[in-house]
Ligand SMILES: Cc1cc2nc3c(=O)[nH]c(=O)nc-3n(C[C@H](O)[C@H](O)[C@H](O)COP(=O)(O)OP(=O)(O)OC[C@H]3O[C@@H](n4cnc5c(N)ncnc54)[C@H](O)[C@@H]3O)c2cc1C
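First comes one chain, alone, set out as C-alpha cells in the form predicted alone.
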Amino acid sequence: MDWTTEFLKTFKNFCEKEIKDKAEEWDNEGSLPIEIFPALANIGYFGLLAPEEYGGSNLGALAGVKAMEMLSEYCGSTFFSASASFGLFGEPLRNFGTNEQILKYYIPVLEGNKIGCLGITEPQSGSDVSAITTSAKQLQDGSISLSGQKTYITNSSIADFAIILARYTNSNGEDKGLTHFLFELDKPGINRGKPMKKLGLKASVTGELFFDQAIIGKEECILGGIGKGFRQTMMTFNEERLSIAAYSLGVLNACLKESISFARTRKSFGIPIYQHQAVSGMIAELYTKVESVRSFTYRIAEEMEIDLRKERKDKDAELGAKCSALKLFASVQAREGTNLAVQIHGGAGFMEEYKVARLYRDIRLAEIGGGTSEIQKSIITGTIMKIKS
C-alpha cells in the first residue's frame, strides 16, 4: 500500500468518526469548533503539499485533491474553512515567503495552532483584481499603514493571520503596484465585521475586515516582493479553482451515495423507486457526472503537479485556462447533480433533515467563489485566443 492510499484510508476513518455525524449540527450553529483545525493538522490533512522539513508529507497535488474530495463529501463548510487557512493563506506563503515568514506564520497554521485567511475581494472589486483600492503606505520611519476594506473573507472572524492584497506606495510617494502584505490581525486599527448570513456553507464563517491606518509592520510584512501581488494572486487562483473542482466532486459523490441509498429503500407502486425508469435515468445521469468530473479533476491535478516542477520558461501556458475550464465544468455538473439528488428524493429532498438539502444549498458557491463561471469563460477564451493558432 502506497503512502497516499494509506493516508486516504486513515483520513476516511477520521471523517467518519469526527465529522460525519456533526456536520449538520455545525451547520445549524453557524460555526465550526476551533478544535477541528488542529485535528485536521494532526491527521496530516494540512501537510499534504508541505515539504517534509516543515512537518508535511509532500504527497503532491493529486493526493491533496483526493483528500479535499473526501472531506467535501462529509462537510463542505469544514473544507472551505480549512482550505482558506492552509490553502489560500498557506500556499502563497509557502511559495513566496521568506524563511522568517514561514517560521512565524506558515508552520503554526500548518500545525493547526493558528488560522489564516486571504483578503482579495472588496465591495467594489471582485474578480477585477486591478480595481482594488485598499492602500498600504510606507511612512517615513519605514512603517506601513494599511487602510481599506475587504469582504467575503472566509475565516475573517476567527483568523489569527491574514494576507491582504493592497496598492503599495513607498515613503517617496511612488506607486509600487499591487503587493501582498502578511501580518497578525490583533493590531490597532483593524476591525472585523460580524459573520455574514449565507445561503449555504453556514458553518464556514465569512465576513469583512476593516483597516483604518493600521500599522502592520515594516518591509518584513511584504510577501514575495513589492509589486508582485497580481501575479501571485493569479497563481493562487489556479490552485483555488482546482480545489473547488475537488469540492464539487466530493459533493457529487455524496449526492450519488445519498440517492442510491434512498432509491433502494423508498418504494412507490410496490417497488423500490430506482426500478422506475424516470428515477433510474436520474441516477445514471448522476453517476455519469461523478465519473466525468473525477477524470477531468484528477488529470488537471497531475498536470499542475508536473508544471510546478518546471522552470518558468517551460511552464504550461494553458494551465490557467485548464483550471478555469475545470472549475467551470465541475461546478456546473455539481449544481446539476445536487438538483438531480433532490429530485430523486422528491418531497424528502426539500426537507432539511435530509443531507441532499444541505448539499443543494452549499454547492451554489462553487459557481461564484474563485471567480464566477462568467469570469472563467473570459479567462478561457482570452488564453486560447492568444496561444492557439
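One-based numbering along the sequence shown. Everything numeric here is computed off the predicted structure, so don't read it as measured data.
Not pictured, yet referred to below: the form predicted in complex with the named molecule.
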Determine whether any heavy atom of residue 152 comes within 4.5 Å of a heavy atom of the named molecule in the predicted complex, and answer yes or no. yes
Please check if residue 76 has a heavy atom lying within 4.5 Å of any heavy atom of the named molecule in the predicted complex. no
Even though the partner isn't displayed, in the predicted complex is residue 206 close enough to the named molecule, meaning a heavy atom within 4.5 Å? yes
Contact flag, residue 126 vs the named molecule in the predicted complex, heavy atom cut 4.5 Å: yes
At 4.5 Å between heavy atoms, only one of the stretches 259-267, 296-304, 139-147, 111-119 reaches the named molecule in the predicted complex; which one is it? 111-119
Sort through 365, 23, 380, 15 and report the residue having a heavy atom within 4.5 Å of the named molecule in the predicted complex. 365
Of the residues 198, 176, 289, 94, which one places a heavy atom within 4.5 Å of the named molecule in the predicted complex? 198
Flag this candidate site as yes only if 64, 67 and 254 all have a heavy atom within 4.5 Å of the named molecule in the predicted complex; otherwise mark no. no
For the stretch 72-110, which residues lie within 4.5 Å of the named molecule in the predicted complex by non-hydrogen atom distance? 88
